[in-house]
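In structure tokens, the next block holds one chain alone, the form predicted on its own.
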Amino acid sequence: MFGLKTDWSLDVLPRYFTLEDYEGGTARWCPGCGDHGVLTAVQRICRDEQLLPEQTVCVSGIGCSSRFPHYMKTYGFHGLHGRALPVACGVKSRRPDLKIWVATGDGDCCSIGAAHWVHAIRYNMNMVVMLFDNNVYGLTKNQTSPTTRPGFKSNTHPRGAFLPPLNPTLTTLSITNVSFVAQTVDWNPVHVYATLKRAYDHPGLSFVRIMQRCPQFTPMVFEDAQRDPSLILLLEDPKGVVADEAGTKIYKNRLAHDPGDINRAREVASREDVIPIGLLYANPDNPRYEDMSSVGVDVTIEDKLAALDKELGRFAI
């Protein structure tokens, strides 16, 4: 059209995401449940890192914590009981570009999903695995879990649990090719955020055990440590979890701990007089399975068919 400038172009502004861009459905956890704080921390990390919602995936199994994907406005997969990790590994093997967060519980991961837990740690695929440990099966209403402490009365052990509990942190540190193990407590949001952020930055599978309160069935489990900061052992190292002092100054019980020393990490993880929080172990150089499993993901369908025809042609008579 005469007089119309035709060489103009529209400058497209870069996308910027706020917390609302990562907030899914309204969380239906009980008031006072520690899951709320963890959810907020993950949403803040997504916002601070400006992760593309369409390239972020939350995977879970079954349990209270496993409702996590419903509350994130990203891609999500709410899987079967104990099967969060094989699903997450499958996603990562074919889409190594995606950012993956896994939410699992002490029952979901350490009981029915125990075999998948062991192999996922060994595969060391780049993702953050959050173990919500409240020492009980909460969603199915108060059954003994692998981390339940002796004497705790549940619907499955009305006279009290009698087996010693599993230590998920120590167990994970014993698995071949483990590359990142950390612990935190849900009642300290500053440390939760710093721990999960450090886990996100690690190039491999980051296993984070979160001591998480269940106000309905196990409100007393971590009550002493919550009321008495001296029962918390804060692990300190420049390469570890570096949290704002405003959130950690209450912890006078501190330990200089080198996260590169796996034997020392196992010693610290086995302590029962205190709850160690921080980074116990990290090795960014361990091999990652997706480096092998993702080979060929960019091959076209035509090339795949041609390769298949060539291979089958070897058996022609």
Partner chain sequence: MNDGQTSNSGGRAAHSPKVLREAIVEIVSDSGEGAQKAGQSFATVCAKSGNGVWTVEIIPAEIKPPARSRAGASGIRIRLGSETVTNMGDEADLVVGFNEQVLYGRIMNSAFREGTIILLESKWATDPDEQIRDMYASAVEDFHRRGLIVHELAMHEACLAYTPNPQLGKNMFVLGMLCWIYQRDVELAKKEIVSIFAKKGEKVIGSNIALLEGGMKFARENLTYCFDVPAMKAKRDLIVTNGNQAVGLGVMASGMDLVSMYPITPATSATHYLSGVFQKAGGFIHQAEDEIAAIGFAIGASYAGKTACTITSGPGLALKTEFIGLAVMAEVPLVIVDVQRGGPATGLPTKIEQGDLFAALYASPGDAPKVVMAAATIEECFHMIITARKLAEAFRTPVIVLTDANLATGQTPFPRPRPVEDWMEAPIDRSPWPEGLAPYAWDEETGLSRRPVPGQRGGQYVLTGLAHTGQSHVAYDPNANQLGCEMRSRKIAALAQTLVAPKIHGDDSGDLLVVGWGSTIGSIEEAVDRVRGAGHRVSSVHLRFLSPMEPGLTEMFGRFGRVMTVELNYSDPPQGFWGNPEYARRAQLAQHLRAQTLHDVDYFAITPGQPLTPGQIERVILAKLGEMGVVERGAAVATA
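Rigid core: the largest C-alpha set superposing within 1.5 Å between the two forms. Numbering follows the first chain given and starts at 1. Model, not experiment: these values are computed from the prediction.
From this point on, the text means the form predicted together with the partner chain, which you will not see here.
Q: With the partner chain left out of view, which of 57, 269, 41, 33 would have a heavy atom within 4.5 Å of it in the predicted complex?
A: The residue in contact is 57.
Q: Though the partner chain is not shown, can you say which of 194, 110, 89, 214 has a heavy atom within 4.5 Å of it in the predicted complex?
A: Here the answer is residue option 89.
Q: Against the partner chain in the predicted complex, would residue 37 count as a contact residue? Criterion: heavy atoms within 4.5 Å.
A: It does not: once the partner chain is placed as it appears in the predicted complex, residue 37 has no heavy atom within 4.5 Å of it.
Q: I'd like to know if residue 220 sits close to the partner chain in the predicted complex, meaning any non-hydrogen atom pair within 4.5 angstroms.
A: The answer is no: residue 220 has no heavy atom within 4.5 Å of the partner chain.
Q: Consider residue 246 of the chain shown here, and say whether it contacts the partner chain in the predicted complex, taking contact as heavy atoms within 4.5 Å.
A: Heavy-atom contact with the partner chain at 4.5 Å: absent for residue 246.
Q: Taking heavy atoms only, is residue 161 within 4.5 angstroms of the partner chain in the predicted complex?
A: Although the partner chain is absent here, residue 161 would stay clear of it in the predicted complex, with no heavy atoms inside 4.5 Å.
Q: Could you tell me which of 145-153, 236-244, 201-209, 91-99 sits within 4.5 Å of the partner chain in the predicted complex, going by non-hydrogen atoms?
A: Result for this chain: 91-99.
Q: Which residues in 15-42 have a heavy atom within 4.5 Å of the partner chain in the predicted complex?
A: Heavy-atom contacts to the partner chain in the predicted complex: 15, 28.
Q: C-alpha of residue 306: shift of 2 angstroms or more between this form and the one not shown, rigid core aligned?
A: It does, since the residue 306 C-alpha is displaced 2 Å or more between this form and the one not shown after the core fit.
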